[in-house]
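First, one chain by itself in structure tokens, the form predicted on its own.
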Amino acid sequence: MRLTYTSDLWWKNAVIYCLDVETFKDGDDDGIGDFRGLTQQIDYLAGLGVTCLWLMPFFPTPNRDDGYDITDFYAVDPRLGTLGDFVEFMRTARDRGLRVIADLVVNHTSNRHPWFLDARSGRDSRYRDWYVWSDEPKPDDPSQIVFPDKEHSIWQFDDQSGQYYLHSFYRHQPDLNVANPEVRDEIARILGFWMELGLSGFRVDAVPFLIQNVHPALGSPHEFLADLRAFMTRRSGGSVLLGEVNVPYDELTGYFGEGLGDQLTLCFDFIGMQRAWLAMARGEAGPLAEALEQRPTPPKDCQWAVFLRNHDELTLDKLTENEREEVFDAFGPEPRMQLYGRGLRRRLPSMFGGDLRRMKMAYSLLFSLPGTPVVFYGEEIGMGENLDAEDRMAVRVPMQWSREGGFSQAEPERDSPGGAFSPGRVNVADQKRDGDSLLRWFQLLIERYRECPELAWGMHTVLDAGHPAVLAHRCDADGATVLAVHNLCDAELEIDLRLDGLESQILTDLLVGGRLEIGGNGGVRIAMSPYGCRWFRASEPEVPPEDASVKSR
């Protein structure tokens, strides 16, 4: 495969780090994280090796949905700082070579947003058609109700205006109507405003709801995404839209832009994520291998975003009921660990019981999968969740900087996990001093990932490992090859692989050192420790492995 590298495609092998300003670091000692605190930790993030920060919502909000209910798209929530604090954060991030994207939550607003307050004042309001209204609620499809424990319909009667309004999520979050050209123009203005302040793009929340739940129905709903992408490209050729699109593969490709790649730049691979958890629950690679083989190739300038965990519940909605129960039994057997019967409100380290071998293997798997890796803050040190918090808030806990917590000099507004995952047991300061810590492993994985552009840019092939517990895949680009092998079970194994086209070459282990010779018939035997992971670079015997890599930008 012959590739052309350009700086505008920085997202192809980026490392995206999702964080919530409110829970990352408190800079003014009021118990709430803020932009001053985040700015103080930029050097930590740069040292970790991440290349792009994804900020969860930081806009003014009544905070009934952790910031996803917005009252002003052009400002910073006063609890988190000022617009000046944001600009100083952006300057510092740019100085350290970090790009920044932010959540674009424009499927809905808060019901306290001035637009909605005006819209409900009367049917002749200027903002009336900025939302979706109906004299009679349309029949509910239970599958459309996102929060079945809190809502029983997606329509809410408004006493003040005498009509029902649509809310795909909570009733206090009325849906915007992107069929209205004025709404689409306003969304473009929001993007343009924050891009002028330095953002490199946006993670688009709930994309299918954004373009489908409108009135009148958009004749070609995907044109709206193409228009947004075109607007951003005119402003900055290297800007991105990262889409939350949890639909089957055959539907998802349309969100990239059928063959054109002119809509979303990256899409989260929800199916691959869920199949990865099923594979780890079984200790068998088959479910993930099948997903990798079935996953469509995105258009040339687009990319998959791969992840194992994010800021929401770990959704398992694309698994069968029996498969979902397998994952529940393995990683969240208690009812309080589950949410809506379709997901888990736990962080990865606690799902593995703090087993460092399994954590290291899982994150090695994440960084070696074809696509752009996305990690959630605190994963790099193995933070757990607080199950006493409500719903998805269980995983949105304060970052643990030291044994005392280190998040704030005041009492944090949110509680940290206890027990084995308390700050006294899991924190940045201790792991910085431990060469075998998860934090140091993360730094190594990111460093190797950035040195192996084949993983992100190349063509991937799942190999027959001859054992059900082992996932082996190779990534090839410009005549260079990287091989990744992962053992998903607690047993020592030896596997035999056939590596066509690499006959008589040398495999150099990129994670722990050592070399293996590939036979003249392309065969090689690889020893795998329990929950072991190995990355190899192939090279001719006389060529140093570092010279066999694809030369990236």
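Keep in mind that this is a model prediction, so the values were computed, not measured. Numbers follow the displayed sequence, beginning with 1.
Beyond what is shown, the protein has a form predicted in complex with a small molecule; the following relates to that form.
**Student:** Is the small molecule in the predicted bound form near all of 366, 454 and 473, within 4.5 Å of a heavy atom of each?
**Tutor:** Looking in the predicted bound form, the three residues 366, 454 and 473 all stay beyond 4.5 Å of the small molecule (heavy atoms).
**Student:** Please identify, from 388-396, 254-262, 458-466, 437-445, the stretch that has a heavy atom within 4.5 Å of the small molecule in the predicted bound form.
**Tutor:** Comparing against the small molecule in the predicted bound form, the contact stretch is 388-396.
**Student:** If you check 311, 112, 414, 171 against the small molecule in the predicted bound form, which one has a heavy atom within 4.5 Å?
**Tutor:** Going through each option in turn, the one that passes is 311.
**Student:** Could you tell me which one of 288, 240, 375, 105 places a heavy atom within 4.5 Å of the small molecule in the predicted bound form?
**Tutor:** So the residue touching the small molecule in the predicted bound form, by this definition, is 105.
**Student:** At the 4.5 Å heavy atom threshold, is residue 59 in contact with the small molecule in the predicted bound form?
**Tutor:** No, residue 59 is distant from the partner.
**Student:** Since only the chain is shown here, I'm wondering whether residue 127 would be in contact with the small molecule in the predicted bound form (any heavy atom pair within 4.5 Å).
**Tutor:** Because no heavy atom of residue 127 falls inside 4.5 Å of the small molecule in the predicted bound form, the answer is no.
**Student:** Would residue 77 show up as a contact with the small molecule in the predicted bound form if we use heavy atoms at 4.5 Å?
**Tutor:** Result no; residue 77 lies far from the small molecule in the predicted bound form.
**Student:** Please run the contact check for residue 244 against the small molecule in the predicted bound form: heavy atoms, 4.5 angstroms, yes or no?
**Tutor:** It does: once the small molecule is placed as it appears in the predicted bound form, residue 244 has a heavy atom within 4.5 Å of it.
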